[in-house]
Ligand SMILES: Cc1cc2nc3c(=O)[nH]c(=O)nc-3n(C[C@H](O)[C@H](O)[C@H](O)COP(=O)(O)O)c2cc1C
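Shown next as structure tokens: one chain only, the form predicted on its own.
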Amino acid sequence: MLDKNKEPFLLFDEWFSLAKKKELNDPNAMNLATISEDNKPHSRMVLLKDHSADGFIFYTNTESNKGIQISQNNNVALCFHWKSLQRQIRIEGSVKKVDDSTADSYFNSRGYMSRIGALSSKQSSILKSRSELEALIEDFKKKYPDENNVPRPKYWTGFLVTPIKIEFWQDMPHRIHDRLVFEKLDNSKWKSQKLFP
């Protein structure tokens, strides 16, 4: 059973470590929900690239739909679901850009073609044909043939989600699940409570 006296980030670390051993594909995959300017929810899968007691970091194109929505409303939600573990973690909070040095460091750790892809993709824009994207990729490969010298585009960066609520869900027999929610108080301490399934 979930221990309500445990620190939420420590519990996250335990569950995430287990997911990395058990989940077949992308244990760091998480659903990111944003809100558009007309108050409609949008969600998609992104990859968690770093986490700490400060929050959860993912990277994206700021000119994409999610990037634009984040600039309009910085309230977001994340959801991890690990089917192999029958566990889920929901996170609510606010998001802000990471600093340039953090973004540069992660961008430079990516493979050459992933960096070229970030330069080539006009993410979320209409693509008339696959050949249009392939031509852009070839152009950037010619422009940056040195695999160690591909600049991070200014529109590509990381985002840190600072949580105010983290809910842990564990599947249990007969759908009488175990749920534990942590909510951040004004003094930055966490209050934990069990929830009915």
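When you see a residue number, it is the position in the sequence shown, counting from 1. This structure is a prediction, so every number in the text was calculated from the model and none was measured.
Here the subject shifts to the form predicted together with the ligand, a form of this protein not shown in this document.
Of the listed positions (Q72, T102, Q123, N108), a single one reaches within 4.5 angstroms of the ligand by any non-hydrogen atom in the predicted bound form, namely Q123. Site annotation in the predicted bound form: the residue of D171, E147, D26, D54 reaching within 4.5 Å of the ligand with a heavy atom is D26.
Although the partner is absent here, L47 is a contact residue: one of its heavy atoms lies within 4.5 angstroms of the ligand in the predicted bound form. Shown alone here, F140 lies farther than 4.5 Å from the ligand in the predicted bound form, counting heavy atoms only. At a distance threshold of 4.5 angstroms between non-hydrogen atoms, S36 is out of contact with the ligand in the predicted bound form.
Although the partner is absent here, N65 lies within 4.5 Å of the ligand in the predicted bound form, judged by heavy atoms.
Per the 4.5 Å heavy atom criterion, the ligand in the predicted bound form is contacted by stretch 38-46, the sole one of 38-46, 147-155, 161-169, 126-134.
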